[in-house]
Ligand SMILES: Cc1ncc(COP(=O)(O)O)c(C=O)c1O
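Below you'll find only one chain, the form predicted alone, shown as structure tokens.
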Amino acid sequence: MVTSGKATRDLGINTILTHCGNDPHEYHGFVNPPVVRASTVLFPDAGTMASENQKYTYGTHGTPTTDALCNAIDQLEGSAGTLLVPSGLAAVSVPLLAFLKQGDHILFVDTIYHPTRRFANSMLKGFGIEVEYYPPHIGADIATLIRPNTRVVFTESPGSNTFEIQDIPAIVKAAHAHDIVVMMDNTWATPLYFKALDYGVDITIHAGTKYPSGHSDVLFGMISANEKHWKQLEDSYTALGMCVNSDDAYQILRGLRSMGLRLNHHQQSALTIARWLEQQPQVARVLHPALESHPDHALWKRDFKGASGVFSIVLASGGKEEAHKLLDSLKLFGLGYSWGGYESLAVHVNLGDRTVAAHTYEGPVIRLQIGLEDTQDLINDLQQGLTTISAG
């Protein structure tokens, strides 16, 4: 079993992913942990039951299967603890509920995942929490928006759908000067390509549905915290009764074993396709931070170790009709909202709810998830699609 600390840091990421989270010798030598399906847990006697002095007490508080996954994620994140929840959105909502109360103020980047915005504008505002949005390139100037009642800064980098890179260290420094909790949705990069806690983020959030699963068959979320904020997060999680089943946890743990290899393919294929798309007359621009042409490329290169397989393109002209014509012509790209799975997907992006990050583009924005298909086949599919909209 790979342990945390220096020994882990000296190993390559695929070695860590292969061995993290489970000690086979705890389970009779089996290389995978058991899938323990549990609600009731028995105690050996009344005294132990009264004191709850045993490792497992009830299914909502974890099983050997969920613990194996939490241990694996802690090794990847360098976190004090990890919580497992039933979806990526639950991974967003649980820490927000844990650290906010009526009368508090929170700053969200304006380029957040749309369901996060919906939760903020409905649930949080309904609880009497002041919600404010900031532009993604604010950096250290976020200090100008901090109020006496600001409790949380919520970041997501790159920005959802338009892929702006934030200066996370500068934001963290400004927030921590006022003892404000910094949370980050790090689903795009994963801890393989951006280890958020190393950059001062307090709580990092992932939709395990995406790259950790990798197979478009599990809804899952993960929340990891540093030592300072772990207990409050865990206490709130317990109070909410939020938990996952062991079958799903096992599926995510299995997906982790190949995540490094898959991410590398996603990254290389996406970059090849993105560079090809930059040369196409039907494309005004490609929104991919790992491209040298991206305005935030230097910031991405400074902080990130890699890029995943999701980016957007802006068509040179047209609107909804042209976007739909392109999407309907694609043969290998499915039309679906998720990403991070083995299959390629495309979606017409709606940016109409943004405020301080509102931007006018030359044409419709199409988000692409580059899957594990052969790169040239995907280029050929996009080529015929772009030709279709050129034909009028």
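Each residue number is its position in the shown sequence, starting from 1. Keep in mind that what you see is a predicted model, and the values were worked out from it rather than measured.
Another form exists, predicted together with this ligand; not displayed. Remarks below refer to it.
**Q** Only one of 255, 88, 289, 191 comes within 4.5 Å of this ligand in the predicted bound form by heavy atoms, so just point that one out.
**A** Contact check passes for 88.
**Q** So which of 314, 145, 219, 242 reaches within 4.5 angstroms of this ligand in the predicted bound form, heavy atom to heavy atom?
**A** Among 314, 145, 219, 242, a heavy atom within 4.5 Å of this ligand in the predicted bound form occurs only for 219.
**Q** Would you mind picking out the stretch of 233-241, 155-163, 276-284, 171-179 that comes within 4.5 angstroms of this ligand in the predicted bound form, counting non-hydrogen atoms?
**A** Contact-bearing stretch, as computed: 155-163.
**Q** Is residue 185 close enough to touch this ligand in the predicted bound form, meaning at least one heavy atom pair within 4.5 Å?
**A** Because a heavy atom of residue 185 falls inside 4.5 Å of this ligand in the predicted bound form, the answer is yes.
**Q** At 4.5 Å between heavy atoms, is residue 71 in contact with this ligand in the predicted bound form?
**A** Residue 71 lies outside the contact set for this ligand.
**Q** Looking at the partner-bound form in the predicted bound form, is residue 262 within 4.5 Å of this ligand by any heavy atom?
**A** Contact with this ligand, no.
**Q** Contact with this ligand in the predicted bound form for residue 207, defined as at least one heavy atom pair within 4.5 Å: yes or no?
**A** Yes - in the predicted bound form, heavy atoms of residue 207 and this ligand come within 4.5 Å of each other.
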